[in-house]
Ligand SMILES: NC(=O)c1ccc[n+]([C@@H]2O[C@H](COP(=O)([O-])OP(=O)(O)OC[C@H]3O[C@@H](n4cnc5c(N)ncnc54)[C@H](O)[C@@H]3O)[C@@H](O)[C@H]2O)c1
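Take a look at this one chain, the form predicted on its own, written out in structure tokens.
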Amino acid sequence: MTAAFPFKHILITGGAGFVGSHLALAFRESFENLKISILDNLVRRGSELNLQVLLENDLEFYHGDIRCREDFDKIPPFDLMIDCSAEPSVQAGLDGKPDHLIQNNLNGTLNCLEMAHRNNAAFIFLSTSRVYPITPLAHLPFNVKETRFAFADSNEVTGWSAQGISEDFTLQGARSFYGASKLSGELMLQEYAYTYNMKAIINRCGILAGSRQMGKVDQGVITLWMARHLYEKKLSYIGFGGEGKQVRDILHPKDLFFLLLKQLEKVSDWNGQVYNVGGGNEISLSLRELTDYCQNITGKKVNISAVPETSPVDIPLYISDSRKAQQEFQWMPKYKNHDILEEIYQWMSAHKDQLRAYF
């Protein structure tokens, strides 16, 4: 597809990662003459596989680290930055060593903001639902159903409804080092937007899932679950009694891309606004329901043990209330649970031997 686009050169940080690579390829498919550059340190396992696909699609790659401001110097002037770079583990720091996460997610984000400012570039920040604090989320009333937890009916908490968590939910309380580092990045972005009139916008994403993600227990669990079924390896329901009823909504990166296109049509209005972005109730699942999907798609069953103890940074239930983004940008996710999981399975099956070592 070829269409008018208000920018000439996009820089995507973390562009060889799961989300960054999906966005880069989607922009390339949609805008043939758009210059797209990727900055990535290739530290995360699997990024080298994504890089091969990116280079095959005429994308400029720069090996660099957002923590090193000098690594931006090699990149030609750009007019839009999409910051997909992050240490995404909510478990980071529980071992007493949060330095890497803070250096990457806070200092690295500051470098990205400063380089966007110097280039007079607009800025899209991919934040996270994890900015919302653990205790208020964990204490929301919910019902225990056969296969999942489900929010109970109540209108007593600001920012929470049957539709999930909205942008008005409280930010008071601890949220994990990961969530705190991303919230700090949001606050600095809003200072840049206010002080320098930077055109900037924040998307607080829930779980993003699709092909080419090297999932782990603490990040990318949807892909990990499918991989463990495909390769017939053990799994565990961890926390909340070990029953696997904890729930998250999910979103395909292509649906995130569709939202970005809508947002880019109104870039003149950007001033650091925040949007919750996710699949909502309709595109959500518990671990038990995820198991059923994986069993049905792969035709395999694996041993799943129960670990009743709950991590101090885990929550039983999170659903994104994305109505603000839906209403302002006339956007709705298209990929459903089965679409996302079937895509992951097809990708893994096509590269089964190559991917075995990653899972």
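Everything numeric here is computed off the predicted structure, so don't read it as measured data. So that there is no doubt, residue numbering starts at 1 and follows the sequence shown.
Quick note: we don't show the form predicted together with the named molecule, though the next part is all about it.
Ile66 is the sole member of Leu317, Ile36, Ile66, Cys294 with a non-hydrogen atom lying within 4.5 angstroms of the named molecule in the model of the complex. In terms of contact with the named molecule in the model of the complex, the residue from Ala200, Cys84, Val131, Ala227 that brings a heavy atom within 4.5 Å is Cys84. When contacts are defined as a non-hydrogen atom within 4.5 Å, none of Pro136, Val157 and Ser166 contacts the named molecule in the model of the complex.
With the partner left out here, the named molecule still marks one of 296 to 304, 322 to 330, 27 to 35, 42 to 50 in the model of the complex; by a 4.5 Å heavy atom cut-off that stretch is 42 to 50. The closest non-hydrogen atom of Lys182 lies within 4.5 Å of the named molecule in the model of the complex. The named molecule in the model of the complex comes within 4.5 Å of no heavy atom belonging to Phe123. Taking the partner from the other structure, the named molecule in the model of the complex has no heavy atom within 4.5 Å of any heavy atom of Phe177.
Proximity of Ile207 to the named molecule in the model of the complex: non-hydrogen atoms within 4.5 Å are present.
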